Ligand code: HEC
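What follows is one chain in structure tokens, specifically the form predicted alone.
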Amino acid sequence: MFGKFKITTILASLMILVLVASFTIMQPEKEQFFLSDDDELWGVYEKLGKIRFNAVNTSIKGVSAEKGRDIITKGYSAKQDGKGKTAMQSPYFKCTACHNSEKEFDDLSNVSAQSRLDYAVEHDLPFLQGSSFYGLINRKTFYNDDYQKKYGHVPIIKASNTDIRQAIQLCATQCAQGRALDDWEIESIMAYYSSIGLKIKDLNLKPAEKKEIETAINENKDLHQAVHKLEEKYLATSPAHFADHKEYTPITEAEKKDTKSFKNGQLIYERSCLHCHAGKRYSFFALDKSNFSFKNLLSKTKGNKDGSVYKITRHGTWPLAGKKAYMPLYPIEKMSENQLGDLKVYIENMAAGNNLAAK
């Protein structure tokens, strides 16, 4: 009797083992994750357990990335209900007066002003005061460093440092001298920013680094290290430091022959100064490539007055009654001291009729 019971127990155990083995075999394998160049950075972060910040509130009626893009590029969009168009956000500026919507660097961890100019030339972009909207959704802070030191006592500027929506509203009402945006317009801009967020291809990951990210996700381990690896490939803040203006000194004899400096200054003039001033596009002060324009700029710079190239570059200008279009300043990260010197070399040589690019 006991022998039969023992045999029955053994058979039952074997059947359980077979069922367990069969169940194990039948379980589908976990799908392996492989990084793609077109993967959105935020999507990869979420797989690594990072909580998304700057998320779009899609519960608001009428929100769309297309409307956000139109507000940025045209200054207006279809209304919230899609019937008709909104009022112009600003009669003086569009967002594209000061910001690009394309990537501005080959290496997003190196944001030197000259690298930015070189990239602008290579990709035919303007060279502007503001940071690009590309990858903005991946940034943590805004109006950084000296913006906070100088203007942080103003509530909206202080709030804008860590609140992207406040930063958008600040740019709309103060920087663009326009009307306040409705919630659905802000969320539409957020949706547009999300559509031009960073992608894996923007980070220049090496094959071994890609493998490290994939392994972390597939094995659910070392997630923090993987996040850190991605974060070190770009700056989550856009540095902004101001500089005081220089007094005018004439260019030297060497600078009258400095073709490299001259050509760099020419690029700045064409991609920066003329972006706003050609045909008074965003300014009531017209510039072109005539001898008169260069002599006029040189005269103002020699006088060390408000129209000095040094002063307007480093301090900008103030909106005036009836002429609210103004010039924002250039932080040194957007135009370096060397670049400003190159611009002066170009202007002064051109004012003297000495076009080094033609020699």
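Predicted, not measured: the structure shown is a model, and the values here were computed from it. Numbering starts at 1 and runs along the sequence shown.
Omitted here: the form predicted together with the named molecule. The next part is about that form.
- Proximity to the named molecule in the model of the complex, taken as a non-hydrogen atom within 4.5 angstroms, holds for one residue of 191, 113, 230, 136, which is 136.
- Of the residues 86, 129, 264, 100, just one reaches the named molecule in the model of the complex with a heavy atom at 4.5 Å or closer; this is 129.
- Contact check for residue 44: every heavy atom lies farther than 4.5 Å from the named molecule in the model of the complex.
- Proximity of residue 345 to the named molecule in the model of the complex falls outside the 4.5 Å heavy atom cutoff.
- Proximity of residue 282 to the named molecule in the model of the complex falls within the 4.5 Å heavy atom cutoff.
- The closest non-hydrogen atom of residue 312 lies within 4.5 Å of the named molecule in the model of the complex.
- Heavy atoms within 4.5 Å of the named molecule in the model of the complex belong, among the stretches 210 to 218, 137 to 145, 77 to 85, 196 to 204, to residues of 137 to 145.
- Residues of 261 to 281 placing a heavy atom within 4.5 Å of the named molecule in the model of the complex, in sequence order: 272, 273, 276, 277.
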